[in-house]
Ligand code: AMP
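Next up: a single chain in structure tokens, the form predicted alone.
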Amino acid sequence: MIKKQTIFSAIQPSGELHIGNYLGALKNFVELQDKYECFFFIADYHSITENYNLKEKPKQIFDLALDFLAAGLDPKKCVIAVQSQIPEHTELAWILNTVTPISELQRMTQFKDKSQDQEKNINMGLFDYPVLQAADILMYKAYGVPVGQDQLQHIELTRKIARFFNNKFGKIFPEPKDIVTETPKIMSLTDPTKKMSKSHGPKSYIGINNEPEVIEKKIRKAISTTEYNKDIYSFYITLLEKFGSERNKKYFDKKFRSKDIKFSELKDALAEDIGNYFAPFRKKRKELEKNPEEVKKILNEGAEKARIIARETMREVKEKVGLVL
């Protein structure tokens, strides 16, 4: 039997996921679990490098687990685990730190961007984030990592770190490929020139767990125009393409082409279509929410499966770097 290639990816637990997160990551995860040996992690260590509410963090971790499962990730097909439950990740990150030049971390654009967002909390974890991310990926000797365009620099650094280690101590780690998610950016409801983000406020995004009436309210208040505007038209065309019913796609396609759009009509149709699209997700999530012990059991079992591999990787690494007596 041919062994499936391994892929690794993770999402930070930092509040509710929006439809951009869903298309850019979660939807892709569900499709990939049938093709690869998959490790999908809740990256809680990464999430504490940013400003956060201590009391909300456990709920954010649990809620993301609910999102993973409700979206269709199957613990029989993939490993679902919480990063902090596998201490070998931080252990490997320390060893990888010893072969990673500071100059490589200094050129990471995400560190610069995030530092601007939290000027009073520019911590070492934020700076060293890419090394822990490399440890996450290399721990399972991943063939590839499903990512968006904004993460390509991180995967390139992961390849470099693997190379630095292999050249110094002997080859252990493969250099992972980036599996780019071909998904158009979903833009903000309030500004179609900016990517959808929770940081722009609750009116700027649609959460995948939002109830239909909330979606309707947000869509109705979303930006529109009385004249042709490329950004606004592209924004609605993308939403329609990804979430619209076939009937509405055909109907509004003609309207867009003739530039005869009534945005009130379009918004009502889109709100209904997006609400219907995520109806099975909301239903399953509510069922899972009633059985928290089962969800925790899945996470614990996922951590145990991951630790079997992590322990073996760390045994190899420690032998290579001279830490085994």
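Start at 1 and count along the sequence shown; that's the residue number. This is a predicted model, so every value here is computed, not measured.
Another form exists, predicted in complex with adenosine monophosphate (AMP); not displayed. Remarks below refer to it.
Visitor: Out of 186, 135, 215, 78, which one falls within 4.5 Å of adenosine monophosphate (AMP) in the predicted bound form, going by heavy atoms?
Guide: Checked against the cut-off, the match is 186.
Visitor: Give me the residue from 242, 141, 198, 160 that has a heavy atom within 4.5 Å of adenosine monophosphate (AMP) in the predicted bound form.
Guide: If I apply the 4.5 Å criterion carefully, the residue I get is 198.
Visitor: Given that adenosine monophosphate (AMP) is not shown alongside this chain, does residue 310 nevertheless sit within 4.5 Å of it in the predicted bound form, heavy atom to heavy atom?
Guide: Heavy-atom contact with adenosine monophosphate (AMP) at 4.5 Å: absent for residue 310.
Visitor: Quick check on residue 302: any heavy atom within 4.5 Å of adenosine monophosphate (AMP) in the predicted bound form?
Guide: No, residue 302 sits far enough from adenosine monophosphate (AMP) in the predicted bound form that none of its heavy atoms falls within 4.5 Å.
Visitor: Answer with yes or no whether residue 237 is in contact with adenosine monophosphate (AMP) in the predicted bound form, where contact means some heavy atom within 4.5 Å.
Guide: Flag for residue 237 set to no.
Visitor: At 4.5 Å between heavy atoms, is residue 148 in contact with adenosine monophosphate (AMP) in the predicted bound form?
Guide: Yes, residue 148 sits close enough to adenosine monophosphate (AMP) in the predicted bound form that at least one of its heavy atoms falls within 4.5 Å.
Visitor: Any idea which of 51-59, 269-277, 22-30, 283-291 reaches within 4.5 Å of adenosine monophosphate (AMP) in the predicted bound form, heavy atoms considered?
Guide: Correct option: 22-30.
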